[in-house]
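Only one chain is shown below, in structure tokens, and it's the form predicted on its own.
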């Protein structure tokens, strides 16, 4: 049996021990495996970490940006050297299939590779003035101290999207990871410190949601935070956005998704099914970019559904250390939520994709299951056809291995179905007609579009984020994240030796406006 880790918040580089009882974190794919004993801190610890981070940021911002980029480069190298160990820990703590875990850690490495050189490209501008003997400049400056609160379904990749560019730009970070990924958070924090980042510049606080809210409110009241980054549910994101608004702190909100996959009549159906299978059931449907609703043209609906049903029935499900489509639910919390979704099935719905429904057990088996279903939080894949816009399965994010399917007759109807739920994160269209592609791009409200590919998948140099219920329009990854972790500062330098007043002392030309040839 692998080692059980005792983990704590890490404040100023040291474990923050309290009198609170430890919380046991078990492997969701093997309940006999105790991954970690985590001791939670409270709001006081969060505020203390923010105070220390703000003080440390004053020195960190003075480190030249190219030198900060060297630390980012070192982090990428350290992550690469520890890629397999960290990937195995991701699989062990949240049950993500090992191939996906390795891809996630690679995403963090790619983020470091991208941003390492951005330390030499934090460009400002020289701007011509409307007056003589005067120069105008713009500069990027750090936002200060950034609180980062992340979900646990991508416990390495998503934090890296915030932390790496924030530190590169000269900010300090207080990170609150998900309660159910403390071992990964501990490991990632130690790797960041090993790369050379000052311990007080990057703080990690293990605590629960209510204590986080109290800590955020107090830290903002003391003017300790210049930014809040949050990845999680739309409901919690809304409350964090309200809290930030009251304190005039700008949030970066990356929230849930109900990502549509539109299948046009000219689509390659086998390719569309492959994309739907991965985006619908990869990570057991526990991604913000998971397929939310498959929208299929009526002329091919039955054919698509039959192929999708066969693909789901034949997919390998089970032990995440083996080559499987998906493993267990991340934690009991999400398993309980998913079971409540299964209670919302309506009489007009038809089920496909599996011979069973709900949790996979010895009494409710799945043919071809990989491993021992009794050891973990494993659930049958469920495809639900006959879904309408009035159904809660259409209207809300489900976050589990369930894919609603509906049909359309016209392109306008497809777009109404693709946008009608109010989310706007990811989207996909399967077609061979360029006109359909561009009409889709023009009309979709989502921040991200895939053509003949799944709704899931991100690259470190492309903007990631959504609109509506999916976020406040902020974008992560690539150069676009610099807009979240820096502010623009302008400077004018007048060397004329006299006071020149803009718009008042501007030279003009005398023109004869009555002149004609």
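Numbering follows the first chain given and starts at 1. What you are looking at is a predicted structure, and each value in this text was computed from that prediction instead of being measured.
What follows is about the form predicted together with ligand UN1, which we do not show.
Which one, 160, 145, 153, 203, lies within 4.5 Å of ligand UN1 in the model of the complex by heavy atoms?
-> Selected residue: 153.
Looking at 387, 288, 329, 108, which is the one with a non-hydrogen atom within 4.5 Å of ligand UN1 in the model of the complex?
-> After the contact test, the surviving option is 288.
Can you pick the stretch from 63-71, 23-31, 37-45, 454-462 whose heavy atoms fall within 4.5 Å of ligand UN1 in the model of the complex? Correct option: 454-462.
| task | Flag residue 231 as yes or no: does it have a non-hydrogen atom within 4.5 angstroms of any non-hydrogen atom of ligand UN1 in the model of the complex? | result | Contact with ligand UN1, yes.
_For a quick check, can you give me the residues of 479-493 that have a heavy atom within 4.5 Å of ligand UN1 in the model of the complex?_
None of them.
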